[in-house]
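Alright, two takes on the same chain below, each alone as structure tokens: structure 1 and structure 2.
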Structure 1
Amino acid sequence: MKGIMTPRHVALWIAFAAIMLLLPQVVSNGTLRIIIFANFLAIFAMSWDFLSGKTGYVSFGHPFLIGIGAYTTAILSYRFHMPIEYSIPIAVLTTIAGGTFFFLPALRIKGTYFALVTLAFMELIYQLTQVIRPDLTGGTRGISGVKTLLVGAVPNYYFSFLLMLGIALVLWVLARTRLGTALDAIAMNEEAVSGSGLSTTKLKLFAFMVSAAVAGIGGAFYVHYLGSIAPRALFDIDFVFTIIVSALIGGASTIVGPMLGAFFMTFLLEYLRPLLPGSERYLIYGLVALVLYVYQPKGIYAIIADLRDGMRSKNANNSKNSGKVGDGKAA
């Protein structure tokens, strides 16, 4: 663990947590509600990143996994009155099992074909939720009146942030292990990884199951925050676009980057809402994301790293110059 979590890393995570935990003291409840959505978007973006960002297998069907978790707990808790402490774990396990059943064959194909298959799965579950047992799924209207865990902006903010923080730490540590390194290698050259004696199928399956578990957790808790679920909102191309763009402009394959991207995209959308209340705002934020991505393909995470390195270099040069001036005066 020594090489994974250094004292500097610990200090940065603690500072981030401290700032976020103090936010309810200085911002309005309206802003907190925006941040709650950013927290959940960060969970979804990190989930996508651990599979697609790490391995290079780009998925357009991530709401398929989120939807399994959300619908499972909604149906169990609302239709069958199952306690949430049981329905949520079952929802996560169902997401892993159901997602693996559908996606495992798709992991044997690559590139555009994999992306199209995952998009087809999302469309499939969108149609199924409307036509199969609408008495359970609510059909096109979805389900409303789902039990919520907490009431009020502040409690929900703290809960969603701690959930997001816990998931981020677990994924960040996993990404820095040998398994994470092997997944990065798959994205660069899968044939070379296979030739080294490692099972790429097992590695991809591991990445998928972790990604599915996080998506299931996020989807389950998200529906219990909203108190409702509707297929049109969940299985929407804009939702897929938002998840992927958040991960890419934040910095794919970094875990921290998708968190940054999720907050950036959420607040950008909210600030555009008064100006463009319709779907036109997605065009604007798409253009903003494109410009940012062209400027720095590795995302906001890389921009911050470049600024940090620049400041360190500047401080180092100033120290050297100060030393030379001091030596001259001493002479």
Structure 2
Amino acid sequence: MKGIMTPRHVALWIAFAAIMLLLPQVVSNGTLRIIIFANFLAIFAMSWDFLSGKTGYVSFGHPFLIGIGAYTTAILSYRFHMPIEYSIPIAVLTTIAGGTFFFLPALRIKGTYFALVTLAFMELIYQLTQVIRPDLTGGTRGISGVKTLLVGAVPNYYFSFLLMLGIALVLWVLARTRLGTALDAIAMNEEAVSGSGLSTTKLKLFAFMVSAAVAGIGGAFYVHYLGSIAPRALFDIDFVFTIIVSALIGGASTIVGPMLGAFFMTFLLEYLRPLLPGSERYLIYGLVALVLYVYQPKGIYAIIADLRDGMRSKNANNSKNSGKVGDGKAA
């Protein structure tokens, strides 16, 4: 929870950025494409995390937001030949506006129910894209031949990496402000936040709009990377699962966590490909996720932090055993 950047942190980040920038020199294009996917997944996971990880309002319908962004720019650029530099910003704004319009009423309701409404939204839009104006959305088959922004694995790799890093940086700065602290507090005890004189509706709406903006950016750029979009792959429970699991496995509400998780899960999925070529990979994938989640709900980030703390202070271990109060949820 500390917001201090030590020189060691700075050094680690610089090293990380340097490795990532040099990577195209050493690895194959195939690997780069995997990393590109991981970068986008990290963006989606960070978007999910800023809403759900922080405030505790779990969204099962994040592809709904991603889909608004992706479809808007795909339709504008493919059907109406709008230049990408206009269609993407419009897509992002549409995601924020559309998402807010639909989700805002849902923020009134509490955790479990919120999750269900979002899930229902995703299924709703999945069915709607197939039947309403298929001349625009392409119906079940979606749209292919969407203009791509860059050509080749290397430029796309650099672009997606920088996009991810930029978003991470913005979210990181936001999380360090008092606003970020207040959002964390909502997950711990929402009543006490309004009991501190803060409008939780306003805070949740802000978290939601940031989350929607990031989802919109990610979705819009992703469709211009892939060049195609189809409802089944997008509004899919496996996709929801991958996003949520990445964020949670990495460590919710940490920014670094969802990035870590996205890379971990993407590579796990890729390394399983030779062993299990089809969707049965999700068996191992899911088991790993489940065991990690039940063992440490705070994710890999917390496990690493625990290990580090454990090594640093083997003998100063007596501070955490007096009466535990306020596990977040009581009454």
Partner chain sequence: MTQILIQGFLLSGLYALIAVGFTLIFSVGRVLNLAYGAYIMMGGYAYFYAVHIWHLPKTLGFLSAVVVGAIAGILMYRLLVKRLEGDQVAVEISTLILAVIIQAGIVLLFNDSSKILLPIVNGVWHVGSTTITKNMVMAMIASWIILGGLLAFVKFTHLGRAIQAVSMDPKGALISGIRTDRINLTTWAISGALGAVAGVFFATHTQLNPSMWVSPLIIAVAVVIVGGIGSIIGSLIVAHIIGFMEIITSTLIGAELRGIFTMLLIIIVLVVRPQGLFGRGDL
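Residue numbering: structure 1 sequence, from 1. The term rigid core refers to the maximal set of C-alpha atoms that superpose within 1.5 Å between the two forms. Note that the coordinates shown come from a computational prediction; the quantities given were computed from them, not determined experimentally.
Engineer: Can you spot the form predicted on its own among structures 1 and 2?
Structural biologist: Answer to the question: structure 1 is the form predicted on its own, whereas structure 2 comes from elsewhere.
Engineer: Taking the rigid core as the superposition reference, indicate whether the CA of residue 293 shifts 2 angstroms or more between structure 1 and structure 2.
Structural biologist: Yes, its C-alpha moves 2 Å or more.
Engineer: Indicate whether residue 12 shows a C-alpha shift of 2 Å or more between structure 1 and structure 2, with the rigid core used for the fit.
Structural biologist: Yes; residue 12 is a residue whose C-alpha shifts (by 2 Å or more) between structure 1 and structure 2 when the cores are overlaid.
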